[in-house]
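Structure 1 and structure 2, given next as structure tokens, are two forms of the same protein chain, each shown alone.
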Structure 1
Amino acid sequence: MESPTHSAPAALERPDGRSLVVVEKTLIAASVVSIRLRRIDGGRLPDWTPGAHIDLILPNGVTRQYSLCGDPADSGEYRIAVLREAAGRGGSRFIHDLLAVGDRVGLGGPRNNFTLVPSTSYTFISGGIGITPILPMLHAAEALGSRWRLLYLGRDLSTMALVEELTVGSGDVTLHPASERGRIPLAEWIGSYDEATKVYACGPARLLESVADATRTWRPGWVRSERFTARTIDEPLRATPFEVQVFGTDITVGVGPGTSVAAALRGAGIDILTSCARGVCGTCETTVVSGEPDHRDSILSDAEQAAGDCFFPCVSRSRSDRIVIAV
């Protein structure tokens, strides 16, 4: 499945580790393409672990984040799977309609906000394209000798990508296409709290909210989820201006309502790299030295937010009069 080749920006032509070439593009399910990427010079790619994602800088200048779903041991190739989202912001449509084998793309990351921690038992839940970060986790769980089970939900079997790769060993795989089986009693499938089992979920917001509801009384940190879209956030806890100090410098900026911390810092000459600007990708993560953050991201768990030691300046704000961050 290819489109006519188009010219890429000059920045994407550099033969370095941040410039990749598309070596394969394959339709693997209805509205899902698999993209394989290698360095232009054939060199080694940055290492990654299950749950990681990359920033893909497309030839039209748009940057989007996609989970890696290949083999972490393969240092020469990255693989992603992209769902065409007609109502999205245009990145997936570009990839489906215009990106072709031989095209150059830029690379950011990889980064991992969805790290698989060692456990003797895992429950994995994925909805639709949410299978992409889960697939490498299945292989990792198998390599650890852990018990695992997977629930893979989709509208129809034809829309469910990577199904043929899910029989990776001793795990129990449940495929649940809604067109054939209707809605699943999710809380019943998840079952009761088990201190030996970690839960990892990725998929649409409604699915993740249902998982959260079913596990609300569980021990903090036992359920991890990754969102592809930002969660709905209430108004900031603070309606008045606050100050942000950059640790180790004499730079302090005021941040008023309607201005992001990242924008205020850029105005003071501090280069803050952002990508999604929605608190989803983790590109702009900084360290909190002192002060009380108002977390407004869709990355941190409740326990991580309570720790108050990191901050995403694209969306997060301060509850205190001053917050000090290290950039």
Structure 2
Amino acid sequence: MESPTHSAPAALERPDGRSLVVVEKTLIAASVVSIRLRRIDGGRLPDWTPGAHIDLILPNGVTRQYSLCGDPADSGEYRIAVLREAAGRGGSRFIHDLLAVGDRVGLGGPRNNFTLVPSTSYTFISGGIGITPILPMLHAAEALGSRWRLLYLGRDLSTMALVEELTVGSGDVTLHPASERGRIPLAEWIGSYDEATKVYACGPARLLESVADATRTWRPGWVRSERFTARTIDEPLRATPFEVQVFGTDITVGVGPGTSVAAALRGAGIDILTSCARGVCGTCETTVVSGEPDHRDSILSDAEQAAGDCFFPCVSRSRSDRIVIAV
């Protein structure tokens, strides 16, 4: 493939190590590419735990979420695996067809709505590209000294990514390509409720419904799932400066693409106490009075982000031309 030349829009020139560069792109299964990302300056990436995803801000401006499937102990590199969805809205097609080694992308998060909680044993179920958040969980389960087994469902073997990486220690892996084996009696495979076992499932909605059906009588919290098609943001990220107004004053500060809101305010003599400067610790939580925050933190849930009533100016920005905050 010829390397396309797109000049990274200004929105990708993110401060504080929030722009990443694609260092490897490999086809690892039919229609699945593995992408490895590093910080432009080579520095430490924000820490993450198994089950976490990042927001990827693509050079065409759209934002997509992908589960991290590398090693959380590797502070220098993120890995994601992306399925080409022909019928999707263009994020995965862009990644497959246009994104090239050396291109820059913006980073949001990482955030984790699918954390691995302690258990004596785990039953992992993944469908298709839903294997991505599960892979780091297998390693964690090993390190925690827990028993585990994995059921990996797919259309056929050629479409099932990461298969060769699943033999991790002591776990029992069942590959189930539907083309060869037909439907699997899922309820039977999962078995009955057992206090010592937790179920983690990731895959298409249909699979997750079947898992939910098979575990109706289980204790909530003992069965956890994540759909791999998470929230997407389609409108392009703003590549232009925006203004931050301090509520109740006539102080307005312009924020260019290369600085954080906290830094811009600091430059104008308004200090907001920050601590981790990575959107993790929550120290700089700031009330948003009006305007639409562009959340990049690792703290708020989807619902809290959608509420738009606060943000973390060490990493988060604005979608609207002007955002009014109370300090």
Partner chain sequence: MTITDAHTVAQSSDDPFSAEILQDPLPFQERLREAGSVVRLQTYGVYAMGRYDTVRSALLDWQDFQSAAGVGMTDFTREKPWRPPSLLLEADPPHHDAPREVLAKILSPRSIRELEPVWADDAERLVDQLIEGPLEFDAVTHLAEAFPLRVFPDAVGLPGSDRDHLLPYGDHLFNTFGPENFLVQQGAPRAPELSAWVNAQCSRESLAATGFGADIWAATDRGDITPAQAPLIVRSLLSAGVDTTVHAIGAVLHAFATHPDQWRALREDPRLARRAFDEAIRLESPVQTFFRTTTRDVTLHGTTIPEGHKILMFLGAANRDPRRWERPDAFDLTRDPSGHVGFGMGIHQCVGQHVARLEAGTLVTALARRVKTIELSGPPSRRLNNTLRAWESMPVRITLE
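Structure 1's sequence is the ruler for residue numbers, which start at 1. All figures in this text were calculated on a predicted structure; none of them were measured in a lab. So that the term is clear: the rigid core is the largest set of C-alpha atoms that superpose within 1.5 Å between two forms.
Exercise. Two forms of the same chain here; which is the form predicted on its own?
Worked result: It is the first structure (the form predicted on its own) rather than the second.
Exercise. After fitting the rigid core, is the C-alpha of V244 off by 2 Å or more between structure 1 and structure 2?
Worked result: Yes: V244 shifts by at least 2 Å between structure 1 and structure 2.
Exercise. Once you line up the core, how about H53: does its CA shift reach 2 Å between structure 1 and structure 2?
Worked result: Superposed on the core, H53 moves its C-alpha less than 2 Å between structure 1 and structure 2.
For this session: State yes or no: after fitting on the rigid core, is the Cα displacement of G88 between structure 1 and structure 2 at least 2 Å?
Result: It does not, since the G88 C-alpha is displaced less than 2 Å between structure 1 and structure 2 after the core fit.
Problem set entry | Core-referenced Cα shift (Å), C310, between structure 1 and structure 2 | Taking the core as reference, the C-alpha of C310 is shifted 13.2 Å.
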